[in-house]
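The chain that follows stands alone, in the form predicted alone, written as structure tokens.
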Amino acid sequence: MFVEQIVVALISVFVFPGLIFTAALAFFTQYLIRKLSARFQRRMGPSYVGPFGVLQPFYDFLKLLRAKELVRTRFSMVRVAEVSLVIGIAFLIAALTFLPISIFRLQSELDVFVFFYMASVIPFIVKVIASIAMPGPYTSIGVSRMLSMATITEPAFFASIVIPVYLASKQGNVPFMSLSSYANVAKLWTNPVTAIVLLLNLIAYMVSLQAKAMYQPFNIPEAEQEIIAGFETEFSGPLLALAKLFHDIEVSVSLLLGVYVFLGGPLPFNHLSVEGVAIMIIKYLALVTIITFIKNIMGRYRIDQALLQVFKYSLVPAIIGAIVAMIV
């Protein structure tokens, strides 16, 4: 029995929903965002590598990893940057074991806090460390902007997730403040009061996710035309490949979280059913389409504008949702 648990745990970490599956999902998500963005802009987008260009993100990753040179300066600490990004990816993969999608499931009361720490706090810290390890004038500007954004973005993202989980767990039959409460999300949407709370937090989640992913209009930390590439300016070759993979995995894990917390995961079907898989894919694609739509209809904000907009459209709705949730 113990050996079987070890095998299942290893499969969960390295295969599904571990490194292989999550990396493939991250590449596919990047492909969708690039393809949809191209359609918005009347371009072709990825079209040549693989069927319909679906393998283009993987090819770009391999090209950076194997063909491009890693440029370093006198003060570069490449190993520190690489290890930091690998640690960030490892924490994101490990955080998936708290989601119901994992075949090796870790479940307990308050596990949403552990998930947030592993999938949001640690990745942000290692991102800052990796950037500082490759110093440069533009890097420091990008990091300072990223830290400024995080002061509002991270609390808003945290509140937008915790409040629906709290309300769903209060419906019973699940551990308190556990991600297993996704099974009760349908009850929240059918109740007019909790549906308003859920809608407010869904808006807060989408806005804060847009800022966390540094998509328009919140791509201030990596504003290419203004500060070259911000905190990624000194990244190149294999290090840039690792940084891009880390970013795409972080976005994919955050989207999976949203599918469970707000849309009920595979509900009304079971996880292992064909219908459950299909509905999960549809919900995931819906969230990807929304963030891509926002990304392509908005211009870049200034840092002061971005902080104000995240405050108004993410933190404030989350706070209102929290107040209503406490009253309910």
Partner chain sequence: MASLYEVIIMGIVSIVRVEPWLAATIASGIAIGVSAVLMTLYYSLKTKTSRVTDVYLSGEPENVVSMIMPSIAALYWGFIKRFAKSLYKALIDKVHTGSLHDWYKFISSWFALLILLAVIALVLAFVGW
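Since the structure is predicted, the reported quantities are computational estimates derived from the model, not experimental observations. Positions refer to the first chain, counted from 1.
Keep in mind that the form predicted together with its partner chain is not shown, yet the notes after this line are about it.
- Note on contacts: among Ile103, Val121, Ile141, Ile203, the single residue with a heavy atom within 4.5 Å of its partner chain in the model of the complex is Ile103.
- With the partner omitted from this view, the residue of Val54, Met298, Val277, Ala38 that lies near its partner chain in the model of the complex is Val277 [heavy atom within 4.5 Å].
- Taking the partner from elsewhere, Pro155 is found to have every heavy atom lying beyond 4.5 Å of its partner chain in the model of the complex.
- Although the partner is absent here, Ile281 sits far enough away that none of its heavy atoms falls within 4.5 Å of its partner chain in the model of the complex.
- Proximity of Gln107 to its partner chain in the model of the complex: non-hydrogen atoms within 4.5 Å are present.
- In the model of the complex, its partner chain lies farther than 4.5 Å from every heavy atom of Val316.
- Highlighted residues Leu19, Val71 and Leu242: every one comes within 4.5 Å of its partner chain in the model of the complex, counting any heavy atom.
- Shown alone, this chain has one stretch from 194 to 202, 254 to 262, 132 to 140, 156 to 164 that lies within 4.5 Å of its partner chain in the model of the complex by heavy atoms: 132 to 140.
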